[in-house]
Every structure is written in C-alpha cells, then in structure tokens.
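Before any questions on how it binds or moves, here is one chain, the form predicted alone, in structure tokens.
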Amino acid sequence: MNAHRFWNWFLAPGTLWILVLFAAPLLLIFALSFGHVDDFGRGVYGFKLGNYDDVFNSTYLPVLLRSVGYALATMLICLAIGYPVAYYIARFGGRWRYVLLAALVIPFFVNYLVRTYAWVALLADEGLVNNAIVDLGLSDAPVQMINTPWAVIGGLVYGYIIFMILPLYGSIERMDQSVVEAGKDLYGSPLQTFIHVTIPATQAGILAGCVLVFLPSVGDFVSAQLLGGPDTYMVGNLIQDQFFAASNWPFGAALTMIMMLFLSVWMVLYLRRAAKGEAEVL
C-alpha cells in the first residue's frame, strides 16, 4: 500500500500541469462561450445560447463542413501515400529501414510554418513550379495553384503525412509474416492476400494513423491561411478571426467548444474500435 502511494506521488506533477494549463483554461473558454460582447468590445460572461445557434447558421456552417471535408481528403490521401511507403520500409528496408525512417522524420523537425512557406514559394504564380511550367513551354501563363482547395489539402498532406506513416510502419513491422504466407496458400493472388490478410492485420495502425492525421487537420489554420483564400477558410481560421480580428471572444469560444466536442466524439469512437480490436486479438 505504501509503495502504491509512493508511485501515486509521481502523478501529481502531471496532474497539476493538466489542471492548471489545460482543464482550467478549457473551463474558462466553456464559460465564455455562453457570454456576450459589451459596448466596449469585451467578452462578458453570461448565459446566452445564441452563440451556439450562430455556429450552425448558413454563414458559418459551410466553413465547418469544409474543414471536415478537407480533413477527410487529407486523411485518405495520407493513407494512400503512406501505406505503400510504410510497407516498403517495413518489409524491404532491411538494414536501411532506420535510415529511411530518419530521412522521412528529419524534415519534419523544421517548424510547420516554415515548411508551409516553402510550399508558397513552390506554388505561387511566380514560384518555382510555375516558372518551370512556363520555361518548358507547357503553358503560356502561370497556372493558378495558390488559393485553391488542392493547395490547402496538399499543404495538410505534407504537414501531417508522417503521422500516418509511423503508426503504419509499426503495425506492419509487428505483423507475423507466417500469417501472410498462410494467406497466400488460402487466397492465392498477392492482391487477395493483401486485402484479406495484410489490411486486417494492420488495422490498428490504419486507425491510429487516420486519427492522428484527421484530428489536427480539422483544426489547422496555417495551410488555409497561407495556401488558400476566403473560399478555402477552415474552422481554425474562423476561430482565429473571431478572437483577434472581430474581437468576438464568446462566439470564438463557442466555435472552439463545438470543434472540441466533434473531435472528442471522433476520439471516443476510435478508442472503442481499438479496444474492440484488441479484445478480438486476445
């Protein structure tokens, strides 16, 4: 019992950190989401449900739906690109697998904002890509790339694809290869074996990668800010504008709570599915 109490003390610093720097600010945001703006533009605590009604009106609802759509597209593209990369490194990387992983991870040590600015330099009307297109004679004028949904999604994919590759790599590396060999005997073709054996065996990595990509993509605002325009704004940009440009903190707080509720539901569904998958394995 004394040993149990002793180890419980090690939870105290982390618990205090979470309470002071996460739980308390979150409660303040929640309380402010029911407030209003006074005549001086300051947020005042109160009990006003109108902020939550405004979130789903015809002005802001498309932004929420766009954010979810961009995040889903990012997640699917990351999965389509990341799975073959992770599979190759795990199965055929050999002694070079850790070098290949390091080559993927090291570029992401650079600040996300700096990496997004690099995309701006590449995709701008006078950027490297358009200059190459014009110089090669593929087009007489620069191709519009910035301020498009594809530029925003491309920036999101580049920013978060590593969060898809790493869980997939770990899942594929831990996969029992004898199961794959048995699958070849049962299902025959490599494609059928991949569908019926490899994908189910790496389902945990797929789910983890999808969650790790989807959650930050929904709330991202840097890619839409730098690579998009007014028609590609996401909920992160809307929240930023409400807090800093419009000085409507209560409405920004309501947007924040709605987004966190949506992400929490997504996370709970993932945890339930992961727990169910683990139970099936046991």
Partner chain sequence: MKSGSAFDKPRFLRVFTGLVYVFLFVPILVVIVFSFNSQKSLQVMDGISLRWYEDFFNDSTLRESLFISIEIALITMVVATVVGTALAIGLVRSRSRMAKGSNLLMLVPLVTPEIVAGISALLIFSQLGIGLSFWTIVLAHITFSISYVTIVVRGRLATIGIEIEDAARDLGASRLESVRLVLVPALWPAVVAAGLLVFALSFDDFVLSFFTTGEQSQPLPVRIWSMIRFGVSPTINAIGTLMMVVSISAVALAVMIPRFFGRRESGVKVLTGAEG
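Positions refer to the first chain, counted from 1. For the two forms, the rigid core is made up of the largest set of C-alpha atoms that agree within 1.5 Å on superposition. Just so it is clear, the structure is predicted and the values come from calculations on it, not from any experiment.
Only in words, not in the display: the form predicted together with the partner chain, which the text now covers.
Contact here is defined as any heavy atom lying within 4.5 Å of the partner chain in the predicted bound form, and by that definition each of 101, 128 and 221 is a contact residue. Only one of 134, 73, 85, 204 comes within 4.5 Å of the partner chain in the predicted bound form through a heavy atom, and that residue is 85.
In the predicted bound form, at least one heavy atom of residue 111 sits within 4.5 Å of a heavy atom of the partner chain. The shortest heavy atom separation between residue 29 and the partner chain in the predicted bound form is within 4.5 Å. By the criterion of a heavy atom within 4.5 Å, residue 226 is counted among the residues contacting the partner chain in the predicted bound form. Within 4.5 Å of some heavy atom of the partner chain in the predicted bound form lies at least one heavy atom of residue 191. Contacts of stretch 233 to 250 with the partner chain in the predicted bound form, defined by any heavy atom lying within 4.5 Å, are made by 236, 239, 240, 243, 244, 249, listed in sequence order. Relative to the superposed core, residue 61 undergoes a Cα shift smaller than 2 Å between this form and the one not shown. Once both forms are fitted on their core, the CA shift for residue 14 between this form and the one not shown remains under 2 Å.
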